[in-house]
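The chain below stands alone, shown as structure tokens; this is the form predicted alone.
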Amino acid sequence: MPQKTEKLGRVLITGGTGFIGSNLVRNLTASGSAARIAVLDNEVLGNRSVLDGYDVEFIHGDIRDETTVRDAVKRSDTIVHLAADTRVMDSIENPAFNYENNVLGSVNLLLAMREFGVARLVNASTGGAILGEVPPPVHEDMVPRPLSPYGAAKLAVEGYCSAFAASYGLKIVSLRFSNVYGPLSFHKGSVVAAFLRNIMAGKPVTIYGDGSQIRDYVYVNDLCNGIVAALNSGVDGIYQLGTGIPTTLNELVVKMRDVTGHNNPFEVIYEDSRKGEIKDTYCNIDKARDAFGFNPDTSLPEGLTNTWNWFLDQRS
């Protein structure tokens, strides 16, 4: 359930029509945490229709556009920065595009915050892509060694957030998300969404590698509760948000077979591993649990069931 919190004033969500952003709008609305909600999104990967029925001010625009960003920021009290190009393989193919969206766009946001005195920011970051191939569980004190331009860009944004916090008195927390899944993810390229789309369409699912690679899957509403808790606690710095539970891809497939049922049998195809992808990663969430009570309590079978049911609703 969403947490009861004090009003946060006008909350601006960049990338708010995306998977996490649209779930966060629902979470903030249900909890009554925000006095007002605004969404800034270019609608490349999302659509404002996901916000229908919610009292949200929608701003169509791109975080790479300084004028648009300044106009959105100057009327805000708090910002949740989710807008990003998160596709690892695409970042390897086109690192300049990833840099422009993730680094330049984020710096535009920070510059506008400094200009208009908006002090509070939650920056959506990532764990595995930043830290690289290190023995899990990953934690906040590990030395970053990104394997992809996406990971390097997210690390750069964390660095700018730290610098702006120290230089200009901004209150910024960077939350390193693990693999997020859940409803409203139909368009996502992440593994759970991609697998469920294929299963629903009667197509095989593809695993790159032997399926022994480990990930940490966190349900989207648990993650949104963590974002709101971090905002209300006033913490800054870097925190891992996941479950702390390692799951192999082969184990994920078994759980998906249980959830989707015998009426939806599917084939698994194994292909060669891809460069830039980490083999094993899951996180230690003790720091977030201690600092702002982060406590993800949705089990993977329960979360997959909710997600699958949502996918089926979209088909019908």
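Residues carry their position along the shown sequence, with the first being 1. Quantities reported herein were computed from a predicted structural model and do not represent experimental measurements.
Below: the form predicted together with a small molecule, not depicted.
*Asks:* Counting any heavy atom within 4.5 Å as contact, can you tell me which stretch out of 203 to 211, 161 to 169, 242 to 250, 148 to 156 lines the small molecule in the predicted complex?
*Replies:* That would be stretch 148 to 156.
*Asks:* Could you work out which of Asp62, Asp280, Asp286, Glu57 is the residue within 4.5 angstroms of the small molecule in the predicted complex, going by heavy atoms?
*Replies:* When the small molecule is considered in the predicted complex, the option within 4.5 Å is Asp62.
*Asks:* Of the residues Ile130, Leu121, Leu196, Ala83, which one places a heavy atom within 4.5 Å of the small molecule in the predicted complex?
*Replies:* Of Ile130, Leu121, Leu196, Ala83, the residue with a heavy atom within 4.5 Å of the small molecule in the predicted complex is Ala83.
*Asks:* So in the predicted complex, is the small molecule close enough to Ile20 to count as touching (4.5 Å, heavy atoms)?
*Replies:* Yes.
*Asks:* Quick one: does Lys188 come within 4.5 Å of the small molecule in the predicted complex, counting heavy atoms only?
*Replies:* It does: once the small molecule is placed as it appears in the predicted complex, Lys188 has a heavy atom within 4.5 Å of it.
*Asks:* Give a yes/no on whether Ala35 approaches the small molecule to within 4.5 Å in the predicted complex, heavy atoms considered.
*Replies:* Taking the distances in the predicted complex, the answer for Ala35 is no, it never comes within 4.5 Å of the small molecule.
*Asks:* Find out whether any non-hydrogen atom of Phe177 is located within 4.5 angstroms of the small molecule in the predicted complex, and reply yes or no.
*Replies:* Yes.
*Asks:* Answer yes or no: in the predicted complex, does the small molecule come within 4.5 Å of a heavy atom in every one of Thr78, Gly226 and Gly293?
*Replies:* Not one of the three qualifies.
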